[in-house]
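Same chain, two versions here, written out as structure tokens and called structure 1 and structure 2.
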Structure 1
Amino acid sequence: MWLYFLKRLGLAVAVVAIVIAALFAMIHAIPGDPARVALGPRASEELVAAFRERIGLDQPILVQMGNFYVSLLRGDLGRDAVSGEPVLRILLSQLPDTLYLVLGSILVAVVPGVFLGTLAARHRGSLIDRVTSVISVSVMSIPAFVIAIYLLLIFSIELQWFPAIGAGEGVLDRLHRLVLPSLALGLAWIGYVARILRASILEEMNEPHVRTARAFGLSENRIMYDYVLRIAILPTITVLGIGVGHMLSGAVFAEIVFARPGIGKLVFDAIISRNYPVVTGAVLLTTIFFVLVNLLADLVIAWLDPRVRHDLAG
């Protein structure tokens, strides 16, 4: 298990390093001068040159990238090009709101998705199976930002059941305001979870150990929850690990539509103002979070199914 963990950890570090290199290349390919954007068109050339020197834009891109790698090892993500505040402090102040949103979206996707997938598999070919299939495909086909807009129009403006904007104050108020953004991000993933889990359960039901359990007279409920679901859930965990990345990108739309604070809204504002240090730090932080979630998903799969870690570590 430790060998498998070290291999996955090494791969995660390599992914982060490659993302940083690609990020620097893409950011510097964007036309326009961030110094001019930050200081305004009337700023003098001396002031622009001093600003570029302060945030390191006067150096070659490879030097900037190397300096960033060294600073990253010290836990330093640089300073905001406008306020001068440490980027890491800014990101950590916005990160909890985004994590709450992603966690809420995962709950929205998992709880109904597992229920519908299990229900469809146990009633294969029936009306229940067909209805759940239609529901799954329907929610998968709608973009998150469209769902967010309609949820806002119906439940906030028309019915006035939920607040329209903001993250709220206090636990209950925050949970109340988290419902619609979580639904907007997680609703489409209900279909993915349900369809993948249904197919996985049906495949697992034909395995020899399941037939042996039936031959010993075990009940269908015990077979399902003790033998089938433990293995059938593994592809769903993998999909959710990938889904976290999509939810993080979708958080930009949700945080803008519902006027919530968070990493997504921060990145959007930083791109508009060409604030390189904040954009780089935010993308790096979300990449690390995404990589860690997928690493955790791989470890959970290896823990539930020893065949995986034996094959990959061998």
Structure 2
Amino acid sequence: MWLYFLKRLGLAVAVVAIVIAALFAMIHAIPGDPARVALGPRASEELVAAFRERIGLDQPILVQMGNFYVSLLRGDLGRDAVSGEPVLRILLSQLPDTLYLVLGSILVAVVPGVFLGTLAARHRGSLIDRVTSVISVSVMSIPAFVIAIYLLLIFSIELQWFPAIGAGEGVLDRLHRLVLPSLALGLAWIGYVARILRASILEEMNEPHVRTARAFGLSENRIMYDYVLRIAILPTITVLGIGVGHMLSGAVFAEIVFARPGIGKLVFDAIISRNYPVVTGAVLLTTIFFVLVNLLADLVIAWLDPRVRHDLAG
């Protein structure tokens, strides 16, 4: 297990390093001199040269790249090109709103997803199974931003049940305003959760310990909730782990449509205003988050399934 853990960790670090290198290359591929972009067209040649020296642009490219890695390791993601504030601080100030949204979306995905998945598995092959399967596939395929706009149109503008913009003040107001964005972002994952849960319940039902429980005369409900679901839910957790990464990036749409503060809105605004340090910082943060969550998911799988770790360690 330790060998597997180390290998997997090394792989994750390598992946992040490659992404950073690609990001660095991209920043340098952007046309125009960053110093001139930062100082504006009226800056004198001396000023531009001094600025280049100050932020290290006059050094060889490999040294610049090395410096880039070192400052990242220190948690320094650079400074906002407009306000001069550290990018990390800006990102962390926006992170909670996005995390609430992701949390809400997980709730939206899990509660109906587990219900539908269990229902489908218990009535395997029946009409109920078929209908849940169609519902799962349908919600999985419709893009989240289309759902977001339709929800806004129906529930905020036509019915006026929910406010259309902002994150709100106070707990109740915040929760109220979280409903539609969470629905938009989480709806697709109802399908993923229901599907994977159905499959793993059906697999688990054939296990000897479940048959034994049945032979002892335990009720079907008891078998489902005390024996089957406890184990069958594990792959679902893994899928949700991956889902968190996707939701974090999909939050861009929900935050724009519902005019909520958050990482997604921040990046989008930063792109419009060509505020590159904020863009790269946010991309890096979400990528690292994504890689970490995937690593965690893989480790959980390996912990549950020895075959996987032997394949990789061998």
Partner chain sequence: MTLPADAETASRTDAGGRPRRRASSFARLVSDPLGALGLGLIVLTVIGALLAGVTGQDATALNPIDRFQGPSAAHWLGTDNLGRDLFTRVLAGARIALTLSIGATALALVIGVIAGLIAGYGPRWLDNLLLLVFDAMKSVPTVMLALVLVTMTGPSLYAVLLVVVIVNAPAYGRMARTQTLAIRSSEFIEAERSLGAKGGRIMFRHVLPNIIGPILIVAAMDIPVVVGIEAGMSFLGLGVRPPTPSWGSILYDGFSYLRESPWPVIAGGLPIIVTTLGFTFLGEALRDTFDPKIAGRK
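The model shown is predicted, which means the values in this text are computed figures rather than measured ones. Rigid core: the largest C-alpha set superposing within 1.5 Å between the two forms. Please note that residue numbering is based on structure 1, beginning with 1 at the start of its sequence.
Note on provenance: structure 1 matches the form predicted on its own. The rigid-core alignment places the CA of G245 less than 2 Å apart between structure 1 and structure 2. Here I288 counts as shifted, since its C-alpha moves by at least 2 Å between structure 1 and structure 2 after the core is aligned. Residue displacement note: P261 has its CA displaced by under 2 Å between structure 1 and structure 2 (rigid core superposed).
Core-aligned Cα shift between structure 1 and structure 2 at I18: this is 4.9 Å.
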